[in-house]
Structures are given as structure tokens and as C-alpha cells.
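This document opens with one chain alone, in C-alpha cells, the form predicted on its own.
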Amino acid sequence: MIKPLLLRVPPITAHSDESLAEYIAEEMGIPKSEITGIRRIRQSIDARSREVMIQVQVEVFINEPFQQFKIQNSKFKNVSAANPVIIVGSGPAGIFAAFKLIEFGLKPIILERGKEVSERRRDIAALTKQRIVNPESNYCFGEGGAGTFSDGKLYTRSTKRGDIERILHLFVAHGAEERILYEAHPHIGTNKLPKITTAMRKTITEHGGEFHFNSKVSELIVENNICKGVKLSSGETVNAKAVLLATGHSARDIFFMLHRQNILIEAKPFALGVRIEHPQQLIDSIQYKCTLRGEYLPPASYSLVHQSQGKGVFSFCMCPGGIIAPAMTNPGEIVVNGWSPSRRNNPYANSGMVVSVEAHPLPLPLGGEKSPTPTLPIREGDSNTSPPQWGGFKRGLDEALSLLHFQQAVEQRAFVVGGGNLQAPAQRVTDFIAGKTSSTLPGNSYFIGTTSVNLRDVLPPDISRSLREGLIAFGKKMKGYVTEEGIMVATESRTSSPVRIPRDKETLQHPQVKGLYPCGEGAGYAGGIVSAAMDGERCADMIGSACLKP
């Protein structure tokens, strides 16, 4: 028989199927030899009491041939001669849209501005070691999108928007560990994602899909309010029955392109702040209520939220045993993000710590789209060598781009305040709360280096005030969180897109341009790998249905 069980066991028991089988046999009063296998359905950590436990939902095979978990891998068609659909961007939304289109019998043509993974690695190495920013190949742009080198967290709350199990199964079919199918907060790891991304590309091309790297879209081809294809920066045109825009939250040139072509876009709320980092051992001791974590527990994580002056202050993309990475996409700006390897075995724990920014008029900088390198947010009386003061910026930029320019201004300001050499401005947590510049900074994982500043010279006043209030509240909730060992590194600003590309709720097409399908994080409809992948599939479903209509 196959018996379902819900167990609450110590970490050492949950660590292996062997020890779990011994526990189950003893609890059921049967010989362990009668247990032919255990299939884990769901697993999570319960750290509410002083003794940390693991909650495991299993199916126990008793005197029954054990059946290995069968990975669902769709039977894809060969679409090499089928009608083409253009996908702009090779992130999760684009890749999973391509899988779905192949199932419909349509040929995905993926246009990626950046490079394939193997070449992209070299540009990321040049960024971290030589401080050279390649605007087309970095942590955000290139094969797999930002997700490839940004940790691989697969947790999402968007359960009503698609088939999460299908997404996870496709990851496993291309090399991810099966544990992502049952862990409450599945995670792949930056060290493993590149191979998985490459394997997914191989599946798509083997079935007739196409990938074109170093192919930056500069214009949409629109005739009679119907999108017929795209024009590349090389001058080449690519035509198709539909265009799916899956460019990610950092492709500002796409928003400028749409604006130039009078295609409707909207300002969208996002969040802005810092990446905060502590020793992982400190977070373990707080969360697990112990001095040493032990070998059978994973590095501890946390999730924090607070309301301050009508603004949400919250942790974002928490990376146990992680690294703070440079995520800027242009020279002259500082952007940081975080990631963890699969083992999460680095000595630091980092998380975004951000404040919500609503879509209302804000102080705006000059510059932006017209400069190949973003200009500093200058106002009358400021020099190019000193950061401008907040407030008093000239207005006139279209409201749809207002939050994008605001985001850009903060990133450029961080570059200047940090010294202009890609070192990130930083401050001890305790000193930020006290309002003083840190005399020294604690060790941290940001490889390029940090510069001690008062972060109130980087962040707008209302963001600083809310962030300070939130940190005080978090220090009360997690005793020891507010400590001199904690460091805040600016800026965490690419939490989501500051622009939304609207679409019809029924057809998912742009309301003005038929055949144009805004998709994923860049269009404002997703917030992570899984939600972006599901949104890509939803848009591909609509494209497939529309293209197959008689």
C-alpha cells in the first residue's frame, strides 16, 4: 500500500530518506524492510519553538514496488517550418513562452540583446574585477535574463496565474534537483542556473525554435495598429504573426522606444532602498534560537514588513549564505542585487531592504534617454562633481517615465557619492539609524568594494525616514538585527519595473496595438522567475489561440 503521512521531525531525521524510513517504521510498528520507498510531497522548516523541527508530507510505500517520481516533460513538436512568433528577451518569461508556443506548433524566434551564458560570464567577470560595465551584457542582460545570475529562487505567491508544478517540472527536466518539487521555498543556485538555461535553449532549438544573440530591438514595426515585427539596431527587420515583449525590468531603452512610437505606457509603483547584510551565523542564531546552526539545518532566512508613514518597508529577495552583486546596466550608476549558490555556504546573509515608491509626481532629473551614458541629475547651481540636493528639479518629463527617471537619478547619485569608481556607498546599520557616517565598515561580500558615506546623502528623505523607522521595528522583532555588524549597501533599486506596459485583460494584447503582447517583469506583470515564467506561458496561450483561429 501507499500511505500518506504528515510528520514533524528533528532535522537529523529529515536529512535523509534512510533516517526518515527508520523513524516511520518505529512509529508505525513495522519492520523497516517493509518500507520500499519514500516520496516527499512537501517539506518546510518550523522554527517557532526553541527546538527547530522539519515538517514533512510524504507518501510511504509499504510492501509495494517503489515508483520514482515521474518528471512531466511535454512532448514538443518540430516547428522549424511553422509560423514564427517573435519573443524579445530570453529571460524566464521568454523561455517558457517559447516552450508553450512549440506545443502549439508555432516557431519561437527569441531575440536577445545580450550574449549566451558562456560569453556573458566573461563580461560579468570584467564588471567585478576590472569595473567595466557592458550595457548589453551584465547581471541583467544576456541569456536567461537577470534570473541566470541572480540566485534562482522559485517561490511565488502567484498561485492563481498558472501551473507552478509545470514550471518546476520543466526546470527538473533540464537539470534542476528534484528537491525543488517539494521544498516550501525552492531554490536552484546561481552556480547551477547557467547549465539549466543552456539546456533549455538546446531543447527549444532542437525542436525548431531560434535564438539570436546580440540582437537588440530598436523599433516595432506597426501597420494599421497591428504589430508585424521588429527592427534591430543592426538595421535588420524580423517579421512575425505576433511579438511578445519579455525584456525584463531593466530594459529602459524599450520603454523609451515605446514612448517615441506613441505606444501607451504607464508609470508603475516600485520599491527603493538598500541591500542589507549580516553575518549568516548571526541570522542563524536569531532565527533558530541557538548558538550554532548545526549541519542538518539550512542557513536561516527571514521575511520582514512594516508600515511607515503610509509606505511599505520590507525585505526583498533574501539570500542566505549569499553575495551582494553589482547589477548596474550602464556606466555612471550603482545598483546592487543579491544571490546565493546552491549550497548557500557563504559567510554572509543579505537581503533587499526597500521602501515602496508610489506613482505620483516626484522630483525629476534632467537627462535620461538622449544620453548614451545617463547624465547626473543636475539642477541649477549644482556642479558635475558634487551630488545635487533633493527637490527643486525641473519638471516636464512625461508622467509615464517619471518613476523611471527618479529611479535612474538615485542610481546615478549613488555613483557620485560612492566616489565614481563603482564602489558602493555603504553604512553600518546602527550608524544609519543614528544619522552619522561610519568611521569603519564591517567585512562584506561586495567584491568591488564599499565607501563609507551617510546614506541619507544617497536616498531621498522620505525613503530614508521610512527605512530608519522600519529598521528600528525590525530590531525589536528580531533581537540582534540592528547591530554594528550589519551593513547597508546602496542602491537596491531594480526590485520591479517602474513602468507598466498596459494590456487587455481578455486577450493580453496591448490595447492600442494588436499582435503586441507585453509580458513578465518588464511589462509589470510578474515579480520573480516562476511568476515571469507563468506569465510567459499565459501570453503564449493567447498567441497560440489567436494564431490558430481560422
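Note that residue numbering begins at 1 and tracks the sequence as displayed. If you're wondering where the values come from, they're calculated on a predicted model, not measured in any experiment.
Another form exists, predicted in complex with a small molecule; not displayed. Remarks below refer to it.
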Partner-proximal stretch of 464-472, 451-459, 135-143, 425-433 relative to the small molecule in the predicted bound form, 4.5 angstroms, heavy atom: 135-143
One residue of 215, 438, 280, 445 in contact with the small molecule, assessed in the predicted bound form (non-hydrogen atom, 4.5 angstroms): 215
Residue contact check: residue 150 to the small molecule in the predicted bound form, 4.5 Å heavy atom: yes
Residue contact check: residue 248 to the small molecule in the predicted bound form, 4.5 Å heavy atom: yes
Proximity of residue 11 to the small molecule in the predicted bound form, heavy atoms at 4.5 Å: no
Exercise: residue 98 in contact with the small molecule in the predicted bound form, heavy atom 4.5 Å: no
Residues 91, 113 and 528 all lining the small molecule in the predicted bound form, heavy atom within 4.5 Å: yes
